[in-house]
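Read on for two forms of one protein chain; each stands alone as structure tokens, with the labels structure 1 and structure 2.
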Structure 1
């Protein structure tokens, strides 16, 4: 059950110390830390609820300190803590433009509102389109998942499928090898684009079967849980493989276009480059969580958020001093 938080002020633009973009675990942790450090903090979230991808998890059992919790409920806890310390959160407010050229950064939302601050923390995560195959939606949370590390341990000792072709997908397949009884890799029509480091581990493991070029046609089940997949091989024949879980690591895109345009450096996959203190190449601009391509875990994003807020706090103090001196 969702718990109601304290009344949330509705920000409508203006000047802040810190603007956080995205109300997932990274953004809300950053907001909590920033607000607790006395900074005027606003969080802009395009959706109407907190949590981002984390809110989709039916069960989270790998967040240290909390034995087992629903993802949406965990997101509500993050939200309540952030607002308790004074962070303002604007839901349904999508960022469409960013100007990071001056000391005061300007972030514009689709409502035409401008949010200005000396520090901006980008926590926009990745968007997952999914494959749109039959059974994918029906069995989401019943064997279909978008995060191996999070969910594969729920199916320990069972056969599993991994749908993907790039290095991140193969990395996830490597994790699966010590958890699953069998790992079937389906590249869904693509050629493999992954490092030899991962591929040699996978090719040499007798548990792993790789179907390069094959397409996932359907995820089948008994209504309660996944029981298998139907794939189409490159020669046009179909094959049914019994699996208990299907991990889709395909078509994930970091949400960074706007920031790239504003001068923030990204890597070849579009993830924002940061240092160990979550600083981007633009002074005063930080990035945390999935959008950095690091970890893809709730606790990793939360840790990033804390570090970014601490850095932002120092930056804001220095900048205010500089502006006062003028």
Structure 2
């Protein structure tokens, strides 16, 4: 892993001005802005590296000012900037509880550590849904995966299937074409919702077969590894396709249950509701990036983070002034 900037401090709980939950583009942008504004800032990240899903991108070429960069390297640059201005980052700290009832919000991690602050910025992102089809659980880790960048290289030169329909899925399919002998795209009953930039690449690649509207019915194997998939075509007939790996990139589930219990409002899909200032319904609590269901782009999350930090700074200053007047 590329290392940039000074060593990251390792906080172990305590009081701060701002607690940021999640070290993806939104969280780290928020931390950078908050720290630069002079706020004592901590970032809690359940994984052991920064970036979230952005770090998995093999190539990022739509972030303003940067022509072309690896997702992990971009994440490290976000981390470097945040820590340069004084933000502290605690990796391997999974938030398990939150109390937003008072002026001082309390966030508790799985290690039993409490982080307190008048402002909390939620940047927990999303996770990919499973499909619940026959063979999915049985062959997970034996050819079934939810992370193309992580696992596709293990099946280099083999035929692979990608289950998905949105822009993120098609971006992953483009990457798969550089590794697989054949790429089968199954949209699982959906119409493709992806940019023409990705689709033109895929449609013009002889290694790619797209089954729009087809559904994945079963993942088959020999008990040790995946050997193929069974799909149902739009006309109701079935087709068996030999593949060695199946990558599921189908829909996102926001990581919001803990915050919902703490009183934060979410929409019917589970995404946190925010206003144009990234404020939730709870004063002093903000949400940024994919967890809001808005954009699903690195640049959008980064912008969210900046807005939330600016608003959090105003909130913290108002609260400190109020407390000093007592």
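Computed from a predicted model, the values in this text were never measured in an experiment. Numbering follows the first chain given and starts at 1. The term rigid core refers to the most C-alpha atoms you can superpose between the two forms while keeping them within 1.5 Å.
The form predicted in complex with a further copy of the same chain appears here as structure 1; structure 2 is the other form of the chain. With the core held fixed between structure 1 and structure 2, residue 116 has its Cα displaced by under 2 Å.
Here residue 254 does not count as shifted, since its C-alpha moves by less than 2 Å between structure 1 and structure 2 after the core is aligned.
The chain behaves as two rigid parts between structure 1 and structure 2; the smaller one is rotated by 63° relative to the larger (C-alpha superposition). Fit the two forms on the rigid core and the C-alpha of residue 216 turns out 2.9 Å off between structure 1 and structure 2. After superposing on the rigid core, the C-alpha of residue 164 is displaced by 5.1 Å between structure 1 and structure 2.
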